[in-house]
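Given as structure tokens, the chain that follows is alone and in the form predicted on its own.
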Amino acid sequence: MFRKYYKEGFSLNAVFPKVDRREFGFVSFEGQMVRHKGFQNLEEVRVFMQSFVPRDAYYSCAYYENPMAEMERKCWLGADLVFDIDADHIPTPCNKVHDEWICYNCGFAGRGITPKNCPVCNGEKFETSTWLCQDCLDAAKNEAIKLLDILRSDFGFSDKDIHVYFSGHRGYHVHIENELIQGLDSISRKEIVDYICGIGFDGKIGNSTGWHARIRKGLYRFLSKADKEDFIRMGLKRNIVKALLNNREKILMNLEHGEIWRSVKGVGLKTWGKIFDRCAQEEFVKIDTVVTADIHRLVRMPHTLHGKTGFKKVEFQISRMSDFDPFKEAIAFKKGTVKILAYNSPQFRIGEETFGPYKNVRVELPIAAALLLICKGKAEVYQENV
């Protein structure tokens, strides 16, 4: 099916500058990585992909004098600024429902976000099984919206510099293509990461920086809607929770005038600090910090298929961020059906149709739905006995 897409329906109408200065890399269906490839234009890229038919296709955020050389001889010229937002890095309730991990070293298994180190043997390598649902994609979209606000408001990037993509899997990519930032080294990019993620943030009450203004807005939203359980989960005592709820209107009014910290008798700076920190964590953006700081990073090519879903990496306008629907607009195969043996699948949506759940059943599905299950290792093509 990937071959069908690259042979018949694939067009590289994406625009990214200096194709001849970028390194390209491709992963075969056997898992072999072919990299240090170079092309003079997008037509050469298209012709190569039609013959090679990769599972995944990448290009460098970096520009090189010699893209096809080994790393030490490429001669780095600069790099775009790239952000990767993935549900893998965002704690959501659905993580513990459909995401699993197993330590390669000791076999210990768990659910939810994969830890950096195994809690039993301290190992760092895991076998993972993830799924994409509406909840985790909505969480990733929310982080992308926060990131875009910071890039435009705090860093002053214009919309023409910013390119937003659905990754084809569980998140979004944001590329900044601007000559002013292409020469930044890894340390400078790490400083940008620290700012966006709130690393080293000075949380002193009363500070008037841009971050504090943003957090105050988040604080107002939280205090407007918070219930008893929201405060208890923060570790606040019940008498303090009662005081906060009974004085909600007064608190919100004082917050508008910047006097919240003295607004409720019995609620001191320590309590307000806990609430402020909680709201700060909600405002800080959850990105893959390694990707942004890496000046040699290979990133997925626009309009190519993601090997874990069969969906496309697609670009869309920033103005469409809130209503963009990956389950409709990233679908590569819109015609035809295929018979599969589905092992164990949760319910999911493709376009306007809902499928599943399935457990050890033979079913005929639209190609896009079948391909998602196959790519996720939850089904295989069913071949009847001849």
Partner chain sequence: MQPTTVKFTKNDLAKYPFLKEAAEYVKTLDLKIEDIASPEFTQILERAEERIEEAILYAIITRKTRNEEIEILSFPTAIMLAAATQIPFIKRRYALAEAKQAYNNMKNEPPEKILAIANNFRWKITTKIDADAPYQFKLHFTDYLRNTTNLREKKWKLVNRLLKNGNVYLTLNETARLLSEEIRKHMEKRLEIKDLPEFPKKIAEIVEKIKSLTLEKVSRAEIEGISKTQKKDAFPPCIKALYDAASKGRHISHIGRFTLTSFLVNIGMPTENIIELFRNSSDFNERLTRYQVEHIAGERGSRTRYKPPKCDTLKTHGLCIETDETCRKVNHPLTYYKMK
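Bear in mind the structure is a predicted one, so any value in this text is a computation, not a measurement. Positions refer to the first chain, counted from 1.
Here the subject shifts to the form predicted in complex with its partner chain, a form of this protein not shown in this document.
Inset, instruction - Tell me, please, which stretch of 274 to 282, 192 to 200, 127 to 135, 103 to 111 lies within 4.5 angstroms of its partner chain in the predicted bound form when heavy atoms are compared? - result: Residues of 192 to 200 come within 4.5 Å of the partner.
Inset, instruction - Sort through E177, D154, D230, D88 and report the residue having a heavy atom within 4.5 Å of its partner chain in the predicted bound form. - result: So the residue touching its partner chain in the predicted bound form, by this definition, is D154.
Inset, instruction - Work out which of A243, I181, I162, L223 lies within 4.5 Å of its partner chain in the predicted bound form, going by heavy atoms. - result: Only one option qualifies, and that one is I181.
Inset, instruction - Indicate whether its partner chain has at least one heavy atom within 4.5 Å of a heavy atom of S188 in the predicted bound form. - result: It does: once its partner chain is placed as it appears in the predicted bound form, S188 has a heavy atom within 4.5 Å of it.
Inset, instruction - Examine W211 and determine whether its closest non-hydrogen atom to its partner chain in the predicted bound form is within 4.5 angstroms. - result: Judged by the heavy-atom cut-off of 4.5 Å, W211 is in contact with its partner chain in the predicted bound form.
Inset, instruction - Verify the contact flag for H296: yes if a non-hydrogen atom of it lies within 4.5 Å of a non-hydrogen atom of its partner chain in the predicted bound form, no if not. - result: Yes, H296 lies within 4.5 Å of its partner chain in the predicted bound form.
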